[in-house]
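Shown next as structure tokens: one chain only, the form predicted alone.
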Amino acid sequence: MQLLYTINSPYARKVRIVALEKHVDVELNEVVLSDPDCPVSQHNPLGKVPVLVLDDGEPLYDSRVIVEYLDHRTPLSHLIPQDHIAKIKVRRWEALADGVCDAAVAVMLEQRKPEAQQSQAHIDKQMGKVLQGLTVLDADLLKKKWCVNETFSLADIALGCCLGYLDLRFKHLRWDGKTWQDKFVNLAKHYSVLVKRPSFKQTMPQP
């Protein structure tokens, strides 16, 4: 199997962490999406990473499909619970964490445009989603060791990748004069635990 990814994609990082946690051997192929010869479009019609190309050449996308595939490659230490209710809870955490990432990425892309072409209304709307999402995630994490059923799962991985992306792209962002770590203390505490795991250390985004 081969994973097409970019080093700072939070969605690709989620896949890489799952592969490491599950001890699934995946060949990593870092790509540059702006490169005319980038192979991603050959495997994903949307031109997005991550893409997992199976041994028979069949591609899997997006990250939520890939992580479920990888989690079922080995029967031990499932990161997505087998129990339906627990699985839905994990997927809910993943959906919100990914949604915060979607909004943060949208802000980053808008801010990369020439200043005259930027829409402050669009930036404010997306940052509002980031703030609301983090507020809910922080409240849901109150007094919990892990996100769901006190067991490390895909929910924690998705949350950690989301926070890692914010730490990379919006390190100097302030809400009411506070960084996200100061404003969302439950998230900051949880993130400090996650970054000590080998899988998180090996996939740390690069400034």
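Note that residue numbering follows the sequence shown and begins at 1. Predicted model only: the values in this text are computed from it and were never measured.
Below: the form predicted together with a small molecule, not depicted.
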| item | value |
| --- | --- |
| Per-stretch contact check against the small molecule in the predicted complex, the hit in 176-184, 61-69, 136-144, 151-159 (non-hydrogen atom, 4.5 angstroms) | 61-69 |
| Sole residue of Leu166, Val26, Val49, Val53 within 4.5 Å of the small molecule in the predicted complex, by heavy atom | Val49 |
| The small molecule contact in the predicted complex: Cys38, any heavy atom under 4.5 Å | no |
